[in-house]
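Coming up, as structure tokens: structure 1 and structure 2, two forms of one and the same protein chain.
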Structure 1
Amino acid sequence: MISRLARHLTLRLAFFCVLAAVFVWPILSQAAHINEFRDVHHLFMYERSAIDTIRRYGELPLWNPYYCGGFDAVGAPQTRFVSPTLLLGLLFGAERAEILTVFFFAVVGMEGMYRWLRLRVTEPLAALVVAPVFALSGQYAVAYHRGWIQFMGFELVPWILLGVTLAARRKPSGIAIASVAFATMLGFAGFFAAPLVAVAAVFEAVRALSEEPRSARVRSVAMLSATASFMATVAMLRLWPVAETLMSAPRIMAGTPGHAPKALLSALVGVLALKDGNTELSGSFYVGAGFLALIALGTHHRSALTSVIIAMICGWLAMGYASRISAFGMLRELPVFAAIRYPERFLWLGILFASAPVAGALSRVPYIGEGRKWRFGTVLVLAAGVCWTVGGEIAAFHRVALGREMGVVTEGRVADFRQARGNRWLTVHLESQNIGSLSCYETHRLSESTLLRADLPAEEYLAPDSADAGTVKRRAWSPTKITLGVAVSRPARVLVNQNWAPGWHATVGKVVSHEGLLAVDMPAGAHEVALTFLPWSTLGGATVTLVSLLALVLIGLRARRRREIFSRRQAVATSLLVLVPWLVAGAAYAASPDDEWPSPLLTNPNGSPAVVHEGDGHVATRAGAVFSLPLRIEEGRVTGPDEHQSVLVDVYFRRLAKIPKSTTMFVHLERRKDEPPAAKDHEDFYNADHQVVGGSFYLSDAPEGGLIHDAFGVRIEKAAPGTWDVWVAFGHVSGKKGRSLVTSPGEATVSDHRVRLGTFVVR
């Protein structure tokens, strides 16, 4: 009977709501406070300023002036207000909305899991009991503790997979479900989840296709293609602006993160606890040992095979570079996937796919034996195992959520917005004062003008070369509209102490980028000029989203009458409806009146250019050594040690042909062997290997043939006195290990296929 009741939506929702309420209950009393964890500050401030912009100024929060000198808020990958959860913020305020968002996402996640499990598990009760395991798993506790509320968007992954399978089964509702869920996830800042979703969706699509009869597979592939297309176009409101941002300021990730199987096991079954105010890997994906035992129990049946294989592949991906053949490393060779940082997040997908065999075990094991007692007993034991798991997850959430450092935001806004030096570790406390923070951190490089100042008497002023031409006065200010009174005797440039971005327009004069600063070239005379931010990427993206939703409605209406939307008679009409959003997107892109972002500045961490020209005046020692990879070190220089016990290394090299992304520069700082032995607390070796030039581009993306200047500092605080050599070589960070051979030493000293770049002396 319980099984029959589980089929009813309202009863399931009652169960999930109660569970979600237990999940968040102790934290509700802290709802008016904010989490003071470091990452929270900019992430929470994004949401708070969006809500403030709507409530206080009655504007759409398209521009955020409160951080890093201002940026396109819709185009920022980590803003989460382009989603229905914004309504919670508008109703209850940003602080109180946060835990409510967790509550609603948990309910949505459990219902999504139930529906997705039911695609392959016939027993409703089994799906009902297992659904919370993924939706309440340990990583949500970690995310909440760190203020990564946007990670709650992972709760939509089961919905996307549900849509994918339904589409493969040629049900048009699948296209709508996957598209809307994906668009909501991206609107809720799901850009970290998106690459993982792509992997999961491919697994799911392949599995769903394999389950279909051969005769129907062509139509299923057409349905899946339409699903992929609509997932992109419905999400275009977010995808277009974010793509524009990331192309102007790409996220570069390097390194070879990896975890041994034992570490991953501890992430799944270990106790999630706080250490020094943060969570560790142990317990960070907590599902408990009982859940793993249930997976093992579920593998007894053939139907569990694909789920188990997919879960194991996810486990392999989660190992990162720790496995001999790295699936994660191979994935990172792909363009978008190169920016993934944490391989262990694939455990999330592993838990999701492994939930199917567990539900299978719950639905089948009671029927292995005979008699009511056996059935009742096994159901009780298995359900108790899952309840134990979910109980452990809830306890873990409470433990880390209640261990957060809590603070309060005090309102006290200055009348006139201004930029401050600020502090990105406390930035939400500045936004509440109507003050911007130039101190800035994001996971990608932001286009930030070096002319921004935190000490100006006025935020809008005449450029130095026209400072004597007249006056500028602020008449009105809001985040997306600045009105100025400008009186100038000759054409003059007005500078605004915020970043320029495509989408700023002026009612008089012409908006320009003044070394990255927002500026407007004004004609002579007295004018009132309004600067407004309305980017074409958001307008165009919103139009494509609307057209896509309309096309989906039309497809839905046609499907009610004709069921198969890719039958021979319907295929052309359906294909046209799939293509229409792309045609609108193409037309909108071609019609864009906005200026484009300039190419990203390629610099080293010390600000020096990373791509230089022969004869630009740099002084370095000639090397001319050629490697088999093919790279040539042209020159090198070693400076220091300086007063901070650091040396500066400058390497000038060229990439002569295509090289793999895994290419790494090995840098060894080595004390000469003929020096007397180093004292115990002294070092005689340092290494500064790297895969990325100055945080700007991978070695493999260096302009072919161009002269690359790679400048980096190495701290040698404990270096033993004596003469040191700096050696440089090339090789691979993963896969084929070992050094590339020096095929021609040129004028350089070579040892062990390393080129000596220079020397320094430690006294």
Structure 2
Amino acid sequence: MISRLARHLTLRLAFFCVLAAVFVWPILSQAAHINEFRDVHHLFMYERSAIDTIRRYGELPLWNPYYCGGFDAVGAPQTRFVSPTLLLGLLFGAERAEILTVFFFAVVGMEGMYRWLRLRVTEPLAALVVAPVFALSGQYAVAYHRGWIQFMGFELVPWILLGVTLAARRKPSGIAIASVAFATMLGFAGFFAAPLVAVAAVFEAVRALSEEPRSARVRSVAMLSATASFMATVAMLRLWPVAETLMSAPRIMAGTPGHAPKALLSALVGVLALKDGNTELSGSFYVGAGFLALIALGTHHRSALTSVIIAMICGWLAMGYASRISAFGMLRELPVFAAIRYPERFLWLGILFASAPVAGALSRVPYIGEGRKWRFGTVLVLAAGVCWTVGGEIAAFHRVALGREMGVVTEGRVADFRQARGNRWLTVHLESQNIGSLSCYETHRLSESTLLRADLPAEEYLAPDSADAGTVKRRAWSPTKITLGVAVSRPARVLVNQNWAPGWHATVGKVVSHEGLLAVDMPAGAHEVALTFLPWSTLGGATVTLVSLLALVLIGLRARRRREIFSRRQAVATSLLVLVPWLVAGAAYAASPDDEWPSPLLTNPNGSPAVVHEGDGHVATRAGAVFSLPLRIEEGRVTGPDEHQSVLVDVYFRRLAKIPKSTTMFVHLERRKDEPPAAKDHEDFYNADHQVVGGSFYLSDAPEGGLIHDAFGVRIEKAAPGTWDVWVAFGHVSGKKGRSLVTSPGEATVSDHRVRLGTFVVR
């Protein structure tokens, strides 16, 4: 029996490896090159700097000094080296490892889909044929073209769902499978896919529970609860540092993304091709029309009903705000899901769950008719339809992968690390020369010190008020350790041209934050001081992860002897094993010696505070307009246009009571109606609607009663000459539910429930 299972596994994996090899074969010739797509540089640099830190300096890649002034590498959501794929990079180099990573995840994704489908499909051949559809679907081609390699971690979702279902069936192996798969996905920078995984896991848990007998559901719920707990604690090595980072610099995303059903259909069946060096929505989730037809064919059996309903819900979510009742909008009301940006990614989950009815069609439809010829012919036609889909997916991947602009990273590392103004589209090339780029953009607001400077004479120096106290000389440098020779006649502060973060420690003196800059207060005298980055969040997280894995092993050993780990006799012991990692996490958190991050600065893009005090000297037009939503615009100011053809707008308002998360500020720049008609190449209206104040917080999170200053600019490059008005209103982010009524205009001019902030003239 064991040899037969092993033989089937070997043959299956061989088949998947051949398919994955065909998938990546044409791009093997580019293995030593780097994709020059704009997003690639800082994402790929994260991986490359981790590999260089280990190879060149023999250190763990805990700190990345090459971007934005430096940051906690393990705590950055988009670093992907905290996963087994790091071994590929160490063995073959970052460039070659990328293609091997795609190959590896494609095989893992196909095997995971096969095992997950086999839970509900009795025919192995049907599961084998359908498994590649999700694992090779169009979005992986898009991700590879754009350098979003971290989305290959989504191939682990079938494994997570496999674990959830097995746990619901009271099999302890399910807890381990789901936990390890989830931790690996997060280690591979899967944080932005995690909300989708949470949705999929909830769907799968509900479905799996509904399939269990009522008498067993209490224990199934206990198993699922243990699974959720271990998914969090096994991933704590990444969860703790990333949570610390995002608490100090939240990722706030807003907007009103939405797609009509026709556009989503085009994403599934359209031709995936490049336009102006990038992909569009059409074909970006390609599975082909044949696959959709097979879904419909698979619905003939009631066992497919749940999968089809879940797939339809995923399609509804993928519509975003385009549907009258937006499931996506309701989901974004939840704290964990507030930063979801692209609703179309729910099509991924739709494809995943829709694969079950397709496999069901292959395993059941041939038996509807009679005779061997009918069955053989039907299987052949249906399998050919799936193979046509897989062939189209592989062709789409080849088409966009071979259309990338490729380059070569030259090795020319300078002896001493230094910061430069740089260019975030060239960060890989700068890192290869041991130069940090201060040109910074991330998906969350990095805590970047305003005192960072490019091309300083020395990267370590005495603070201005201590400049005459002595000297500072660099003795040695590596990404996580800087050794300095300091000789000062009196206590002095040494500044390092990198960001401060919790986890920096000094052998002499005390590490402090000097307006966000890494600094150390030194006593008088001659000292050799070593600054080392070793954050407690990573140490504590790693400890919790190890304890969790040990607890899983103990649960597995107990299950081999007693099977039901939540039976009456075993429930207490199992519950203790589930709780132990959390107790360790609590103790580690309480014992942390590191300083905490200060509260995030609430600022506008121009650096002005987003929460201001009365009488701070702002000069603006009085309004005092009150809306039916508990909001009041106090003042407004419009200046410009300036030499860059930008109009600057300042809005001072208060939130008087609780408002929905979906509240947005409508900002209309409108040319007056009595002006002469605009020329065809000119505009007479601009929209600057937004949900977030200065990128710092949602309108709904503004301090109640506090005076909020929202400052922003609007580019009006093609504005028609004449007098323009700037109007402000509030309402639902979709714009489909009308505007909040102006209940009291105060001193403001009001039109169509919009308050005029000011005017400007375009000449």
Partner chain sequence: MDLPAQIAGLFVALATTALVVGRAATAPAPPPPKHVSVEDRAGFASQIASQEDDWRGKAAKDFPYDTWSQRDAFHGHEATAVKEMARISGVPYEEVLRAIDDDLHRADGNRRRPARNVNAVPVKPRPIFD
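Not measured: the values here are computed from a predicted model. Residue positions are counted from 1 along structure 1's sequence. Take the two forms, find the largest set of C-alpha atoms that superpose within 1.5 Å, and that set is the rigid core.
Structure 1, not structure 2, represents the form predicted in complex with its partner chain. In the core-superposed comparison between structures 1 and 2, the C-alpha atom of residue 46 has shifted by less than 2 angstroms. With the core held fixed between structures 1 and 2, residue 644 has its Cα displaced by at least 2 Å. Relative to the superposed core, residue 20 undergoes a C-alpha shift smaller than 2 Å between structures 1 and 2. CA movement of residue 720 between structures 1 and 2 equals 4.2 Å, with the two forms superposed on the rigid core.
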